[in-house]
Ligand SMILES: Cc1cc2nc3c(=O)[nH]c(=O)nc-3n(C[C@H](O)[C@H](O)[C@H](O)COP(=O)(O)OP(=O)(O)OC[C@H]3O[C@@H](n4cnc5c(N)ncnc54)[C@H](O)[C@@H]3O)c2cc1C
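Have a look below at one chain only, the form predicted alone, in structure tokens format.
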Amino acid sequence: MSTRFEHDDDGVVVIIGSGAGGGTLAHALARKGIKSVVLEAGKRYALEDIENDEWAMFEKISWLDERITAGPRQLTETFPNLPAWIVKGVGGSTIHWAGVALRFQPHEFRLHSEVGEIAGANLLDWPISYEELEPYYVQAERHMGVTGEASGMPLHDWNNNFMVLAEGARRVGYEKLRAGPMAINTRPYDDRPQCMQAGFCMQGCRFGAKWSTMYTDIPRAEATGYCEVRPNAMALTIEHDERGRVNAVVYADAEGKLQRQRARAVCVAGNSIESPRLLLNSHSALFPDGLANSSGQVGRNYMTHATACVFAEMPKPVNMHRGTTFAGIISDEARLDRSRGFVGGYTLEVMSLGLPFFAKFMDPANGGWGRDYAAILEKYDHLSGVWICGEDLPMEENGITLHDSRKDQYGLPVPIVYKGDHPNDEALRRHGQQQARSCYDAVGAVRVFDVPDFPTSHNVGTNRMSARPEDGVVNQWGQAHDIDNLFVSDGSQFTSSGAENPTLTIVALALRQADHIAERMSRGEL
């Protein structure tokens, strides 16, 4: 039986969310002997619940509570209630993520200093440097089992999908071609087996080869006796005392009953939509605009990466579905080089989509109909695909707001998720699409085509870090500028998006934050 803490125990850290940020933080604190209660809105899953079935797993694990997609992009029409594809369950989106584990580059922490002001963008340097985070990147890579130097595991073998793209990339002059780094075991590591190359990474790894807090950090934190995880516990508001320090979280349990958990400190790690939503919903007479929002920046600067999907039909079978979903990365374009007509960079990440998902995403507006559509599906085994993942400039108008009248099943205002492109994003995307086409043309593609935008899983930036309180929500430790015992522990604290997948950086920041919390507790400051 796992540890149970009383609702009136004011000595616990309450962590909201159990994914890359919350799950990692709970485990790190537990190893230091610090008590925590993790409130997870979704249910708990076991490895036996994971199915190699795209739509079955989408329905099972996705966060499908009502949300409103808004903004001048196709997604508003094709996915009006699914602005982002994230998980509601113990383990969060580490169940669903594809395992790509890239570090930010040093210049990406100081983008504003590197490029200066850009009209329409709300650029800001991070209040930390790459050099400060680098030791935690190493810790995170070892902790997660990231292939490469830190873990000692070799990178993955190249599958056919990556071989096709990589050969084209070589022919157009690219050199930085790697099958990783990924937090997917290439041999047994950390009591987890090696990858079976089944190709259903984004449905959850039924073998446990891919790192996920679902079956690593969460059960290990519970095993210490210092952590209690409460599934089906939807955080509704964070309360505070007369001094403005947070002291409790009100949540709805599995039966819909309201519960109140007292807290020594609160760490918000509910993803970049739910985290600002919770802070905004926690307004009070002392904080009329929401908690930690004296700057007015809670919910703003939403970033999802500037992305695009390009697929090619090859003369011979590729069978892209065999192997990891994201089987290789080309990083030559991740540099900062304004001569290309945009700031920031991007990676070309070879990807596969299972036939059910591919059929949906190929034609989300019309439901899949017509000769051309059928001809592409007939050649599914000949397809190779690449995903462009690029720097997405923060814009103050992109963000999360609360609907004036529509309420969800808990009686909370439904979140409106607004996202538009900066002209820089559009220029980067066009460049990436052209370069991907060039790679495929160089190896004799029969045809090359774009796949329309679909809901992203990279959601960052709505409670950003800043050196000055007036510019953001939290400081360099993820600690709220306004409230010293309130922390943000997920990707919403990102100041910029970088060109890299966010999960490794979220984990590194959580490990760093755990050290900071423990140090402050040892000094009697928390």
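Everything quoted here is computed from the prediction, not taken from an experiment. Sequential numbering from 1, following the sequence displayed.
In what follows, reference is made to the form predicted in complex with the named molecule, a form of this protein that is not presented.
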> Within 4.5 Å of the named molecule in the predicted complex, heavy atoms considered, which of 218, 100, 393, 169?
Replying inline: 100
> Pick from 16, 508, 517, 13: which residue has any heavy atom within 4.5 angstroms of the named molecule in the predicted complex?
Replying inline: 16
>> Please determine whether each residue of 83, 276 and 399 possesses a non-hydrogen atom within 4.5 angstroms of the named molecule in the predicted complex.
In response: no
> Would residue 88 count as touching the named molecule in the predicted complex under a 4.5 Å heavy atom rule?
Replying inline: yes
>> Taking the named molecule as it sits in the predicted complex, is residue 513 near enough to touch it, meaning that at least one heavy atom pair lies within 4.5 angstroms?
In response: no
>> Can you tell me whether residue 234 touches the named molecule? I mean in the predicted complex, with a 4.5 angstroms heavy atom cut-off.
In response: yes
>> Residue-level question: is residue 439 within 4.5 Å of the named molecule in the predicted complex, judged on heavy atoms?
In response: no
> Using a 4.5 Å heavy atom cut-off, which stretch among 113-121, 282-290, 376-384, 267-275 contacts the named molecule in the predicted complex?
Replying inline: 267-275
> Heavy atom within 4.5 Å of the named molecule in the predicted complex: which residues of 165-203 qualify?
Replying inline: 202
